[in-house]
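The chain below stands alone and is given in structure tokens; this is the form predicted alone.
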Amino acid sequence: MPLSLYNTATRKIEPFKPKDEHHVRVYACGPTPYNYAHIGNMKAYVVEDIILRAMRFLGYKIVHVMNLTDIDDKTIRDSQKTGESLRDFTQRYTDAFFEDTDRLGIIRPDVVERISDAIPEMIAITQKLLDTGYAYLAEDGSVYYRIKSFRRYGEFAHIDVSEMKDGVRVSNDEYEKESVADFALWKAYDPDADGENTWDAEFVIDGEHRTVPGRPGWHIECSALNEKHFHSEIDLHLGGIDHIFPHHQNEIAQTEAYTGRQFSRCWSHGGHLLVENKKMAKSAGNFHTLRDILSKYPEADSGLVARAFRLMILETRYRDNFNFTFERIDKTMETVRSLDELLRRMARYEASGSAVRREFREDMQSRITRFVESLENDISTPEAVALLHETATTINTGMDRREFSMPEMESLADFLRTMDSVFAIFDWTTMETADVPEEVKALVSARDEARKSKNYTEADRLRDEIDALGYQLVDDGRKTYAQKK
């Protein structure tokens, strides 16, 4: 059956129908790099990665674009506190963000673009909205979107705007969900708040050329990048449920007013992250970044903790709320360790015979079918993870009985790799390095330390020593390991 996804726009599960299956256009809201991302942010990006991995596995050719909100109330405020330029300040936290996503096995988007590099597109969209009456220049010098001009405003988010008073405006980048108001497309320059962070927008308003110093509002940025890369027509828009209103509702209003066409064919939103069944907040003392979580397990490999966090998310359907607890991650780390031990056992298993039994072939075909069906059914990862555990039990039991032939064992390993193309929770170095001598492993560790210290001469010498012992270095994106040549 075809892939079915829950579409936030229609509030129902329906077949996913891109305009062109060979070129699926996907946009996801990216981070605001003003601090380290918290685990709620990371959960959202893991969910998006799982959805896209599943789609790629099912044969869709994905083009994935993500923004970086480097111009924002918070980035400007905090960069000024540190005395750094906005570019340098946001670059530091952008680097940290991608370090975290790499730890979590998240595939980087095809295009990642700062909104500061899309200012011309934002100005062009704003100008057309001014020309068509969807936007206006207010007395405070900012350009606002007139939401009552968009007949379907509120439909997507199920917000009633009928009681809204005309002239109510919100100029800050983010506002409470109760606030239904005209929102800023272009914010007038505020020397006290913005400092040196200002751009000149040339607008024609009522036939008069006007230079409006300022900066873009929050919502216009995503419309601009979609126009720049997809001509404002995409197949799937991803994001967290907290973005439905105001951000995604406003994206729809300004983009569809600009083009006169449907913006996105499907909208998929990940559920909230809770901590101990409560909303995460600094005031509640339950606010955590991924780095906080890793620091609580100093004796554990950071990759193990990250893989456990990812597995926890896989155990919950992407659009359901996810409850984080330290008790749960402790248990999940044990599960990940057991999967690592499974790979070690498989690497050391001495097969009996070379035949492939008919019942084995039928069982494997059933497992593959079940895996595909779980993904096609609105990316049902809990169902897929249950199949993984069932398969792990089957493999361990079969190895205890020494009933698998070598081709059968290779088939089982291939099936685990197939599932892991979506899960990304296995450490395949466990299998690859099962028979690597401790001497070689020590050389690999020493080379890693030399590279971290930028002692590249020593790193090259150690690489040559590893090579002379008959092993080659392999980098899987998370760590470097050695395997027999």
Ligand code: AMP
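These numbers were taken from a predicted model, which means no experiment stands behind them. So that there is no doubt, residue numbering starts at 1 and follows the sequence shown.
Form predicted in complex with adenosine monophosphate (AMP): not shown, discussed below.
*Asks:* Select, from the options 150-158, 237-245, 191-199, 222-230, the stretch whose residues sit within 4.5 angstroms of adenosine monophosphate (AMP) in the predicted bound form by heavy atom distance.
*Replies:* One stretch meets the cut-off, namely 237-245.
*Asks:* Is adenosine monophosphate (AMP) close enough to 32, 38 and 43 in the predicted bound form that each of the three has a heavy atom within 4.5 Å of it?
*Replies:* Yes: each residue has a heavy atom within 4.5 Å of the partner.
*Asks:* Is the gap between residue 271 and adenosine monophosphate (AMP) in the predicted bound form 4.5 Å or less for some heavy atom pair?
*Replies:* Judged by the heavy-atom cut-off of 4.5 Å, residue 271 is in contact with adenosine monophosphate (AMP) in the predicted bound form.
*Asks:* So in the predicted bound form, does residue 280 come within 4.5 Å of adenosine monophosphate (AMP), heavy atom to heavy atom?
*Replies:* Because a heavy atom of residue 280 falls inside 4.5 Å of adenosine monophosphate (AMP) in the predicted bound form, the answer is yes.
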